[in-house]
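In the form predicted alone, a lone chain appears below as structure tokens.
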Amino acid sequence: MPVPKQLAIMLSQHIGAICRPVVNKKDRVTAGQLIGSADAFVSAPIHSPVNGTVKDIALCSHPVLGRAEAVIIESDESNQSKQPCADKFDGRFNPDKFTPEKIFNAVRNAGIVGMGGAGFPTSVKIKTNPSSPIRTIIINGCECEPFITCDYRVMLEWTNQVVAGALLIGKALGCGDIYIGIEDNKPKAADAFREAIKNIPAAAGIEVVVVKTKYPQGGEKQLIKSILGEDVPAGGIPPMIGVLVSNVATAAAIAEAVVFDIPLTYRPVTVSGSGIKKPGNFYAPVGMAIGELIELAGGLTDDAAKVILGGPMMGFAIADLSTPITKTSGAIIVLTEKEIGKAKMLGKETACIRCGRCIASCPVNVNPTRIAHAVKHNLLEIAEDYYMSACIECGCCSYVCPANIELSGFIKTGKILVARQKKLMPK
């Protein structure tokens, strides 16, 4: 794709401490240059995807925070779009050339975060912890939401690079028990990984596991259960049971950072949905406006009704098409009025009829209705008592609710309000 004339690189693109700008207005920047940093351990630096000039440091639309600070860069006309480096990885790759310290520092300096949507700084995940050692690594190739195919393309086109990233994670953690989980509706991806593993001697111990195609199979806890048969405690995280889960795109970014010292400034993005004229996958710079990506995909159809950043189940509806993509933005989905449904379009929410469908559909066995109503009445302590933090925000409850109550939306809001109370998120 052509390099955008202007980018708005958000300083908040990950879980943890928000970065502060280390450049000023009118500064010249080069592609890969550090533009945002934080001293906190749980954070990830931000880099410029292009050569250009800092136009401003100002508030911009943010899909989660509403508005947040961003470094706005006007790119030079001479810029060329960054090219993937997957062709540079082959059977000769050997993770033993790199020390755990080198891998950790490269991942930290490159600003890599979980690209499957969570945005947790990857350097924190691959830092060895003697009190809680990682015994199993799972590379997540389960793209379970409708329309999204960016990870599928990564698995087909960057196969060796993903395997290299998996091996580097294993080297950093001293762990050789590695699985690649792929849903059974992606047999070509599974075959590609089996062939790659066969041709890379260092990857002989990696096992490809094909799991059932169902939603939300791509959730960390659900994938761990499917592959290992183990449960992560409610409200807990995979390292508590000695497991690390990494998205395939994140593994690819790790390989690029460690081997070539390239920061995370571009990512694959699916632009799809019935409201898009020419759906496709794009290798896009972080900070590019959603509207520009939609135009590259042919623009909106006449019956387009809702733009979603992320998947149709777990994504966020976007009203401002100037909102920039971030490191975690894997998809832009546009739905039509017919797909959303007339009741949803008109906002006809009715009273809860206590049918229990939300409870029956919840993959983590919480009570979405109790949590949502507690949040609605600002009873956040009660919401937490009902294990609000255990909710994975899959949206199943909202999808099946006959009363059209946005249960998942209330729960997401509740989490944000609690984070603000605890000063873990800016107001």
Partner chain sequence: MLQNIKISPSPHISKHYSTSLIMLNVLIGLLPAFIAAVWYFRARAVMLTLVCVAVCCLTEWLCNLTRSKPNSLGDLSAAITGVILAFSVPPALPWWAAIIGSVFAIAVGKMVFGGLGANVFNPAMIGRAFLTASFGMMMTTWTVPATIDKNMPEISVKNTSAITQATPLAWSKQAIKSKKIEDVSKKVDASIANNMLKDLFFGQRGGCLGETSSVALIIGGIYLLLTGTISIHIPLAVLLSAFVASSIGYFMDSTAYASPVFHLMSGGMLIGAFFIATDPVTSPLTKKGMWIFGIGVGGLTMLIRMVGEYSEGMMFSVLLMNSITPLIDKFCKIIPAGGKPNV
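Residue numbers count along the first chain shown, from 1. This is a predicted model, so every value here is computed, not measured. Rigid core: the largest C-alpha set superposing within 1.5 Å between the two forms.
The form predicted together with its partner chain is left out here; the points below concern that form.
Contact check at 4.5 Å (heavy atoms) against its partner chain in the predicted bound form: none of S61, E157 and V210 pass. Among residues of the shown chain, A305 is one whose heavy atoms approach its partner chain to within 4.5 Å in the predicted bound form. In the predicted bound form, at least one heavy atom of F316 sits within 4.5 Å of a heavy atom of its partner chain. Taking the partner from elsewhere, N367 is found to have a heavy atom lying within 4.5 Å of its partner chain in the predicted bound form. Among heavy atoms of F41, none comes within 4.5 Å of its partner chain in the predicted bound form. Distance criterion of 4.5 Å from any heavy atom to its partner chain in the predicted bound form singles out G356 from the list G356, G174, P187, G205. Of the residues given (A390, L65, L34, L379), A390 alone sits with a heavy atom within 4.5 Å of its partner chain in the predicted bound form. You can rule out all but one of 25-33, 65-73, 379-387, 48-56: in the predicted bound form, only 379-387 has residues with a heavy atom within 4.5 Å of its partner chain.
Along 209-232, residues D231, V232 each place a heavy atom within 4.5 Å of its partner chain in the predicted bound form.
After superposing the rigid core, the C-alpha of R370 moves by 2 Å or more between this form and the one not shown. Relative to the superposed core, R357 undergoes a C-alpha shift of no less than 2 Å between this form and the one not shown.
After superposing the rigid core, the Cα of M10 is displaced by less than 2 Å between this form and the one not shown.
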